[in-house]
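Next comes just one chain, in structure tokens: the form predicted on its own.
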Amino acid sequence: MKKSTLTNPIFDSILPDETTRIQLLRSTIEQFQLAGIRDPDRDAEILLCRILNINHIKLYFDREKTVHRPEIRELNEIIRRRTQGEPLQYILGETEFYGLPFKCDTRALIPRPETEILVDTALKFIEENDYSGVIDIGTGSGAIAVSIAVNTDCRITAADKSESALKLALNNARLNSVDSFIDFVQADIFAPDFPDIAKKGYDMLVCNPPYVALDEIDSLDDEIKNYEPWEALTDYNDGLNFYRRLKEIIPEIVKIDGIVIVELAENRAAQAKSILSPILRDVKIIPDLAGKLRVLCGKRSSK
């Protein structure tokens, strides 16, 4: 997707005193289409409903209802941000993941539906094995840790090197009433003392690491590479550094036969499996709903 060069949002030059909801919706959709927004109708509906504080049914049922100047001004500013490529989730300041609400801003990656496969896998193993101790490395917004905490009785350690990301994760834990079940730890996985800070004896390790290779950054959508934090996207190398580090620390912090579940880049799934297989057994790679290789899981071996 190419970044928009539009400089004239919907009513940038002459702001009308009023218009109708349907006229405003149509004009917003047109602006988003011109800007190359992937789903212009959906984005326009969501943003207009937010500005007017109504649901989708009201938007269309009262389509001829008048919208006044202050609301038009507010929408105009949002259209400007969206047509310049800012992600919808950052504009709204929130998103949904695993059916739960999450605050969302540039301190962390936007939680994505494909990562729900990792949560599904974790919950299945927890239910089958009655696990109680989980560590989420690189927690970011806390989406994985919070989703597991909401659906289990596990005690979870959520680790991240970013203090600002941890504050966001804590806010999301409070938003979903599970902050008392999660310990937030500021720690860098590459630091020599990470195993001591993180503690030992976890039943499960989950991780969605930065797996984009540095030479792939330019191929990402502008919405991603221009707004989301690079340190959560890439290892500034070949996209495999975190798997190499996990290989080193897993024997120190995960119990024998404990489960390791990590997200993958499909084009490096085989390489990630090769890196982790010497310390894991019963390794499986699980595809997401689009059929892309997405999640690796395996049990910590006794080696």
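A residue's number is simply how far along the shown sequence it sits, counting from 1. Nothing here was measured: the structure is a model prediction, and the numbers come from that model.
Same protein, other form: the form predicted together with a small molecule, not shown, and the subject of what follows.
Review point. Within 4.5 Å of the small molecule in the predicted complex, heavy atoms considered, which of E74, D183, E94, D188?
Key: That would be D188.
**Study point:** Contact test, all of Y202, V295 and G298, partner the small molecule in the predicted complex, heavy atom 4.5 Å
**Key:** Checked in the predicted complex: no contact with the small molecule for any of the three.
**Study point:** 4.5 angstroms heavy atom contact with the small molecule in the predicted complex for A143
**Key:** Yes, A143 lies within 4.5 Å of the small molecule in the predicted complex.
Practice item. Flag R174 as yes or no: does it have a non-hydrogen atom within 4.5 angstroms of any non-hydrogen atom of the small molecule in the predicted complex? Key: Heavy-atom contact with the small molecule at 4.5 Å: absent for R174.
Review point. Could you tell me if K167 has a non-hydrogen atom within 4.5 Å of the small molecule in the predicted complex?
Key: Residue-level check for K167: no, no contact with the small molecule.
**Study point:** 4.5 angstroms heavy atom contact with the small molecule in the predicted complex for N208
**Key:** Yes, N208 sits close enough to the small molecule in the predicted complex that at least one of its heavy atoms falls within 4.5 Å.
Practice item. Have a look at 148 to 156, 225 to 233, 120 to 128, 79 to 87 and name the one stretch with heavy atoms inside 4.5 Å of the small molecule in the predicted complex. Key: The contacting stretch is 225 to 233.
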